[in-house]
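Given next, in structure tokens, is a single chain: the form predicted on its own.
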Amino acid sequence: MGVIELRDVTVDFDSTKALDRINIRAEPGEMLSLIGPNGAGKTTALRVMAGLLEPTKGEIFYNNERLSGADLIKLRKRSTLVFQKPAVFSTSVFKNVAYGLRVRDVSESEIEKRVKDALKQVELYTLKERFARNLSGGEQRRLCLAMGIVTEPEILYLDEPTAYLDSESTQIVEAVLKELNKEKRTTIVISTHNIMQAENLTRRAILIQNGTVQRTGLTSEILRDQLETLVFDDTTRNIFSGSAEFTNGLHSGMRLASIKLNDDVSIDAITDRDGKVTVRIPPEDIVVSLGSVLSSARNTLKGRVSDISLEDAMALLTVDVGVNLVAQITRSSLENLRVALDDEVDVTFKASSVRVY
């Protein structure tokens, strides 16, 4: 039995069935991902697992003990849920992180040490005296993560931890989660529609759609078998079918391959697979420029901007290079780039960025 387990859990909101007899188990010290489209029920599942929501039907087990009603306080004391939208207090960065320790009557000397460590982990220590609500969106998300980890929870839940974050903040958050899981053996459960993130962080995944568990298993196997069907409300982008051919004579291991996406477009990738493949190019790994840039990246394609959409602090540029490639950049980068619809641009990305299945 896992450290936290839901058995046949159903959650009804009036006439809406948010979860329908789902079974989820997180093992001690593992990092587990709940993947699925927006509205699938992932956030509701996290709230139940964290003891913040009692299910309409079904059972919650924590370390082999069945919990319900007032007993759910045991879960709330030993776990933390970091929500997707940051909520910070109207005070300094330091005091935001210290709050959870002060309500637990931790000594001031211990608070000083633990807050310092948490802020250094999320790379915000130099901003400790900054007014929290003056931070950028990405910085506020990292602050909320620091607020979550400073209490050293046994189980850490995160709802879409890097949605709409820039590449730098995403890398920081993912590095913190890996370190917590490896060094402190913190059990971590993340909900995400970013299948690349699920693959990067977790060995095991649970696919949730329409409030039901569709599949549980190794993340790599779920993605390999179902990647082309996991298009979550246009949030899973840059997935293509193609044919891979190795460009050297080696016959085993990871090596360079040319992947033909159609008659006009080929890209380079590092892979151990040839023949028919499915590939994904992470939008955040694509660099957009007006003209060529000096780079070691093997893939540079010319195209025209066919769409520009804004999502919070991020911008999504669709570039027609013979296939439609979506690049994710910050709004400030978009302003500096001064690119408009139908402008000709270069898109550049590394062969190592291309995921091959």
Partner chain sequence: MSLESEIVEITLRALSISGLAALVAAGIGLPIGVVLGMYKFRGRDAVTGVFRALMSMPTVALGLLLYLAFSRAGPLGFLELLYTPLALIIGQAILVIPIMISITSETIVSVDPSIRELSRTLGADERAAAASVLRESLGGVVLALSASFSRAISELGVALMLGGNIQGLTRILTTSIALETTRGEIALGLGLTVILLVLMVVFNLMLNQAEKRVRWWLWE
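Predicted, not measured: the structure shown is a model, and the values here were computed from it. Numbering follows the first chain given and starts at 1.
Unshown form predicted in complex with its partner chain; subsequent notes refer to it.
Shown alone, this chain has one stretch from 259-267, 116-124, 187-195, 96-104 that lies within 4.5 Å of its partner chain in the model of the complex by heavy atoms: 96-104. Checking 308, 52, 293, 297 against its partner chain in the model of the complex, a heavy atom within 4.5 Å turns up for just one residue: 52. Residue-level contacts in the model of the complex: of 220, 210, 216, 92, one residue has a heavy atom within 4.5 Å of its partner chain, and it is 92.
Although the partner is absent here, residue 202 sits far enough away that none of its heavy atoms falls within 4.5 Å of its partner chain in the model of the complex. Although the partner is absent from this view, residue 80 contacts its partner chain in the model of the complex, with a non-hydrogen atom inside 4.5 angstroms. Its partner chain in the model of the complex is not approached by residue 178, whose heavy atoms all lie more than 4.5 angstroms from it.
Interface membership of residue 88, defined by any non-hydrogen atom within 4.5 Å of its partner chain in the model of the complex, is confirmed. Not one of 237, 314 and 341 comes within 4.5 Å of its partner chain in the model of the complex, counting any heavy atom.
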